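Form predicted alone, single chain, as structure tokens, below.
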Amino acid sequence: MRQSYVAALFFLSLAAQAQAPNQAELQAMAEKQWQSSLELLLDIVSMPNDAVYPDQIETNIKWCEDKFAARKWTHERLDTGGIPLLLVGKNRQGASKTILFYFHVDGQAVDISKWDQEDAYVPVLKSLNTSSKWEPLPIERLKSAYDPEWRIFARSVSDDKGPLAMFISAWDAMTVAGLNPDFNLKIILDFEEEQGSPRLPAAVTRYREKLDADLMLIMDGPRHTSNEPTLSYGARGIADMTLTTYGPKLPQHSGHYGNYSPNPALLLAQLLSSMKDAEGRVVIPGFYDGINFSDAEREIFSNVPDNEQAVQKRLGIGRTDKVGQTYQESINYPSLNIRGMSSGYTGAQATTIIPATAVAELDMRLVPESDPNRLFGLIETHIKAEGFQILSQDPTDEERMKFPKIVKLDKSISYQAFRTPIDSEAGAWLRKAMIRAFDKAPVEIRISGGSIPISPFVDALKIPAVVIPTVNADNNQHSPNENLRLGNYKEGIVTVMAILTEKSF
């Protein structure tokens, strides 16, 4: 009885503290909400969410609508001509500022044969045993015990359903404590992010007034590899290109036509190798134009506590590309990556042929200084200089006879990069909240290496955007055995509460 009375006094005192609970108080709020937070997390990751299957996504949309409606938030589906976006909101009377949060709720496809559990949508609690193997624990252990190093294994638990569960749990904890932000809140929920959010840019422009805000906060992606609280002030954009080279019209016997019919795999390999030097730098003239770093920017790079030797050991690489002097500098350049190649057959299916075609898929990670259309133009100029005729479709018989070397080129731009200055008003405001939550300054990253579809918001709404990553860096996102460390889940809840209780910027 006395414990209940003390707890009541504690939360009443929070409500009287101008909505700025300190580190200990934030942790106590998260602890009080912990069991229901776990139930929420296990619930949300139990729903299949591959956007290739609209019926799966409809289940997830309805779940989100129900959860926010139960908390008296408004919700509205925004038609996109396909899978809708979901906009939810909570207004604060008299508030002059609005913050727009972004989450995505869809997930990567699952090849369960590669997972160490029977179903990726049945969450499993695991701990690391003395042999450094992840060993399942009864999920009921969560009701009576806690170890921050335990992990929940399930698809989308880290990318990106875990962060959404953090936000909802933080809101519930604040509601119990009688706390409210002094700004309006909007959340846009994307259900096609893993498919490249193909309808998002047009929808943002169409619904610009509904999405209007002063700041955008994105809860996606992992913390810095140190697992310290992190803020990332941008993300690279992404574009892709598919190159197809041609040999004989049909695969031919390598004995009969070897040394006579050109091999498209060799042609493609030669073309790709002409684009980079031995140390991984793109040699196409102008590719890195506009990328120059000031002393202040290099200091930002050096302040990130990267352990590059540990990263290289974890990746199993004995050397690195030399695009930048450090990891942080490297991801501030645009990249040109071969993400896959195919031609002929290998292994048990290998046959002695000259293949008919060879295909390479490339992706380019973009920084704000790199216009993808300009980069595409530079690449096309380079390909022509290598003696290739560029086509947009498979060659006709006439074209095959006319052009010695042919490449079919398909290209697309998913979305551009964005970057907000670290010394901005938004940066100062978020730093203050993070220091209050963890009693130390966060790791601050100028731009992250990955891509998220935020530039359409930045361009259309004319607002700054900052990423608040919360999950563990070794979470296996996009891969088998995706997981979320329990300590990160709890600290993510604390992070959200700290931001929502920070005085409006």
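In case it trips you up, residue 1 is the first one in the sequence shown, and so on. As the structure is a computational prediction, the values presented were derived from the model and not from experiment.
Keep in mind that the form predicted together with another copy of the chain is missing from the display, and what follows is about it.
Trainee: Does residue 259 reach another copy of the chain in the model of the complex, with heavy atoms at most 4.5 Å apart?
Mentor: Residue 259 belongs to the contact set for another copy of the chain.
Trainee: Since only the chain is shown here, I'm wondering whether residue 297 would be in contact with another copy of the chain in the model of the complex (any heavy atom pair within 4.5 Å).
Mentor: Because no heavy atom of residue 297 falls inside 4.5 Å of another copy of the chain in the model of the complex, the answer is no.
Trainee: How about residue 400: is it within 4.5 Å of another copy of the chain in the model of the complex, going by heavy atoms?
Mentor: Because a heavy atom of residue 400 falls inside 4.5 Å of another copy of the chain in the model of the complex, the answer is yes.
Trainee: Classify residue 84 as contacting or not contacting another copy of the chain in the model of the complex by the rule of any non-hydrogen atom within 4.5 angstroms, answering yes or no.
Mentor: Residue 84 lies outside the contact set for another copy of the chain.
Trainee: Would you confirm whether the three residues 61, 92 and 227 all fall within 4.5 Å of another copy of the chain in the model of the complex, going by non-hydrogen atoms?
Mentor: Checking in the model of the complex: none of 61, 92 and 227 is within 4.5 Å of another copy of the chain.
Trainee: Any idea which of 161 to 169, 76 to 84, 126 to 134, 336 to 344 reaches within 4.5 Å of another copy of the chain in the model of the complex, heavy atoms considered?
Mentor: Stretch 336 to 344 is the one.
Trainee: Just to be sure I understand the contacts: of 381, 392, 96, 273, which is the one whose heavy atoms reach within 4.5 angstroms of another copy of the chain in the model of the complex?
Mentor: So the residue touching another copy of the chain in the model of the complex, by this definition, is 273.
Trainee: Which one, 413, 284, 359, 435, lies within 4.5 Å of another copy of the chain in the model of the complex by heavy atoms?
Mentor: The residue in contact is 359.
Trainee: Quick one: which residues from 252 to 286 get a non-hydrogen atom within 4.5 Å of another copy of the chain in the model of the complex?
Mentor: 252, 253, 254, 255, 256, 257, 258, 259, 260, 261, 262, 263, 265, 266, 267, 268, 269, 270, 272, 273, 276, 277, 278, 280, in sequence order.
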